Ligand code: ISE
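Just the one chain here, laid out as structure tokens, in the form predicted alone.
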């Protein structure tokens, strides 16, 4: 029997998830969708051969829904995740797990009370083949111990955002991948403010964040959301005996008129298309096998929110901030 998923929120991201679950992920089908925009919900339902429900809580409790994917607005995440836990249903929640630390902690408590991990958080870069190669290179030992990690996260345009969202909405991906790649926590953060781009409006863009890990690895993250030229994500890990670099991949390159060029993706959808598909396939396979969460857990979602919060405080004060994590519940050890 396929895993029947209910999708809450079918905007840009949720509609793509519904499409993948219906047409690109094996052992999966979409059985119901909900969105505050009825027309959007009907369009997604038609393309995934599913039903439109007019209440997200009804969707979560529906007997024809085995698992729930949450891609609605950030402020709804905690409420819907807690409802999924109360219903005993696996849930994949797009980041953030909750917009604030207190909400994340309430989810951790509810999941601990349930006695089993049901919550996955959508940090899809863990499934990107390029990041997977970085992880394998570090595990293999040929690089020696990691010393430095350099990250670039640039968008072509992101109008109307606040300075804090550069950290909580964008750099949070690098926060999660740094923890995952290094297998350790980030303990301090400093945020530097270079001259702001003329195209950034009232927000501070770009930013440079510098984290220190538990073992002393320094991780710098450049976030530039109005870089104008395209979507560009890169990561380099410097080890004692060598380096490994994840560059922006392109399927083709051109040599024409004395120039060598590669195309850049327009946004995150094309750059991480395979990561999203692999993430959803792994989620569905884990549910079908009744296995624990395989990707980012609720604990990972909490830590990302906690570290991002320290980054926002560092941005506000101009000084270094410590990251203070709560004790990890036994369920996640």
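Positions refer to the first chain, counted from 1. The structure displayed is predicted, hence computed values, not measured ones.
What comes next is about the form predicted together with the named molecule, which is not displayed.
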property	result
Non-hydrogen atom within 4.5 angstroms of the named molecule in the predicted complex for each of 177, 179 and 214	no
Contact segment among 105-113, 84-92, 147-155, 180-188, judged by heavy atoms lying within 4.5 Å of the named molecule in the predicted complex	147-155
In the predicted complex, the residue from 239, 169, 130, 206 that sits within 4.5 Å of the named molecule by heavy atoms	169
Selected contact from 124, 119, 98, 219, since only one has a non-hydrogen atom within 4.5 angstroms of the named molecule in the predicted complex	124
Residue 80 within 4.5 Å of the named molecule in the predicted complex, heavy atoms	no
The named molecule contact at residue 225 in the predicted complex, heavy atom, 4.5 Å	yes
Partner proximity in the predicted complex: residue 173 to the named molecule, non-hydrogen atom cutoff 4.5 Å	yes
